[in-house]
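Just one chain follows, in the form predicted alone, and it is written as structure tokens.
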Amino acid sequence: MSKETIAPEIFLPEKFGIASHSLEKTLTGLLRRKVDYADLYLEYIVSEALNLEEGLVKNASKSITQGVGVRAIAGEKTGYAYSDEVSLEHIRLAARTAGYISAEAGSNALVPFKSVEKPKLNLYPIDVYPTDVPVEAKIRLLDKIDTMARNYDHRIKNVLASFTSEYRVILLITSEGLIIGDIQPLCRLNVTCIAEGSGNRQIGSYGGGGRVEFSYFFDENRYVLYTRKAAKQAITNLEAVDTPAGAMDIVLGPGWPGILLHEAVGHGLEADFNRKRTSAFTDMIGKKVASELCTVIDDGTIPRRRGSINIDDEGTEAQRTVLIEKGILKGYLQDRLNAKLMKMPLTGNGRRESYAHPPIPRMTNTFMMQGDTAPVDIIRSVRRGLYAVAFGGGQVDITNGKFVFTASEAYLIEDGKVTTPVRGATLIGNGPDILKRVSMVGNDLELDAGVGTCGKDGQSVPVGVGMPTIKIDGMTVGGTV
């Protein structure tokens, strides 16, 4: 069913087996307590996962989950309760539990429900949802990937490939009279290759996806690209030398290296950390926090992207938010609670992992805008440095911005040329300080291929990252030699 043909009625509470007037009564009862705002969040998810290893699809699963979360806000306090059984009895019980944050009786009135709204945005129209594609087609794709990766190089000894997809329906009903829903498809294809040689073993990974159809992975031979990049990275790491340690100029490649920006800077710009004054960016709006070459955007409105959303998990339309403009901090990422307490506008960044979690400020697609320098000129400017193409894990302390990131693919730069591949490189720094050290920004902005998942407060949500090629002067590199 095409997104264009979906009628608003698909988002009616009756589709979850509950009448609208019953939910209106539930919210009315909740508002008799002294709360400022309340909402109901209903969710229905079909999830599928297939995993190939050692030439065999060893795991295949498909599941359906649904539930409801009830939230009540009173001042700075939030009451939240949820149930995995969507019934009027359980919703009312959750509402009573959420309302216990206020011991006083109030007289708040429910704004009459408006007609059911569809999101104004239509960022991911889909004819056939990935969860509806026969499992045999997905198995054939994983088998092709396994064969292709093994044929890339005889040193590829094992291949792990996975395909995951999700069909998510959400419905928001608020005390402000809003009823709005969205269907949010999501899928991802990932390839990991394990290479062995001379007693050494290394891995390489690549993948992509988004709010797209299954055919997306065949368009432009994307599955072939993912497979070759994973295999190339594994072989490159097999042939790599140990990373030299010390201070040196760093060049970050375009696309996925934007994960460093996401972690080292993006989280510090989420409103809850700044309202609680635990971020390195607290009280910095209007002040210089980065090089004038740096403009950082969070944009949930890019069609079909993994981090994009027609509406956030509070019913607010997704937006394009300028966080840093030419080095000057312009604002924070807001959800409803923090925007009200900070007296700032909503930005459409109230997100949650599922009905079992309250919404909190989260990123969508976060990236640095491109400059006007050719990437080759950036490389040529470095006498001795490191060129980081991809990253694995990392750690960040939000309170001071300090981070440590491990590069999964990196090369030495010697006299303006990319030379020897290295392994074991870690980048060590401080987010706000690093942005001030950005001395060159390329004209080659790329967004990642669509694999990002962000964790915060025990919740995981899909996100996107991106950046052009950039140069950072005098960064600390941890290595082994």
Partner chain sequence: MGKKGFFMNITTDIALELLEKAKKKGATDGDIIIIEGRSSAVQVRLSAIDTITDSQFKTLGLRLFLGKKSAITSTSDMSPISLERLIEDTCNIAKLTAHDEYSGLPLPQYGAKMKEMEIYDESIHRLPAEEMIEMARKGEAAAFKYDKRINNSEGGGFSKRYTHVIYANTNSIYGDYKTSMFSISVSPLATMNGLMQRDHWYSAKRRFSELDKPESVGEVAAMRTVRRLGARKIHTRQAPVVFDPETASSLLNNLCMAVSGYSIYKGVSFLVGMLNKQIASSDVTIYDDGTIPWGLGSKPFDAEGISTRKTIVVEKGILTGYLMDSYSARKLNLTSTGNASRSPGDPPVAAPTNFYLSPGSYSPSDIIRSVDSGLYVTDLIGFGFNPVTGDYSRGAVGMWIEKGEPAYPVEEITIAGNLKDMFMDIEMVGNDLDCRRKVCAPTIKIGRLTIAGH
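The structure displayed is predicted, hence computed values, not measured ones. Numbering follows the first chain given and starts at 1.
The same protein also has a form predicted in complex with its partner chain, omitted here; what follows describes it.
K.L.:
Counting only heavy atoms and a 4.5 Å cutoff, which of 409-417, 441-449, 34-42, 425-433 contacts its partner chain in the predicted bound form?
P.N.:
That would be 425-433.
K.L.:
When the contact criterion is heavy atoms within 4.5 Å, does D397 count as touching its partner chain in the predicted bound form?
P.N.:
D397: yes, in contact with its partner chain in the predicted bound form.
K.L.:
Taking its partner chain as it sits in the predicted bound form, is N151 in contact with it (heavy atom to heavy atom, 4.5 Å or less)?
P.N.:
No - in the predicted bound form, heavy atoms of N151 and its partner chain never come within 4.5 Å of each other.
K.L.:
Contact between Y100 and its partner chain in the predicted bound form at 4.5 Å, heavy atoms?
P.N.:
Yes.
K.L.:
Classify Y129 as contacting or not contacting its partner chain in the predicted bound form by the rule of any non-hydrogen atom within 4.5 angstroms, answering yes or no.
P.N.:
No, Y129 stays farther than 4.5 Å from its partner chain in the predicted bound form.
K.L.:
Between the options T147, S215, N221, S87, which residue brings a heavy atom to within 4.5 Å of its partner chain in the predicted bound form?
P.N.:
The residue from T147, S215, N221, S87 that makes the contact is S87.
K.L.:
Which residue, K402, R320, K340, R168, is the contact with its partner chain in the predicted bound form, using a 4.5 Å heavy atom cutoff?
P.N.:
Only one listed residue qualifies here, and that residue is K402.
K.L.:
Select from 138-167 the residues with a non-hydrogen atom within 4.5 Å of its partner chain in the predicted bound form and write them out in sequence order.
P.N.:
I139, N158, L160, in sequence order.
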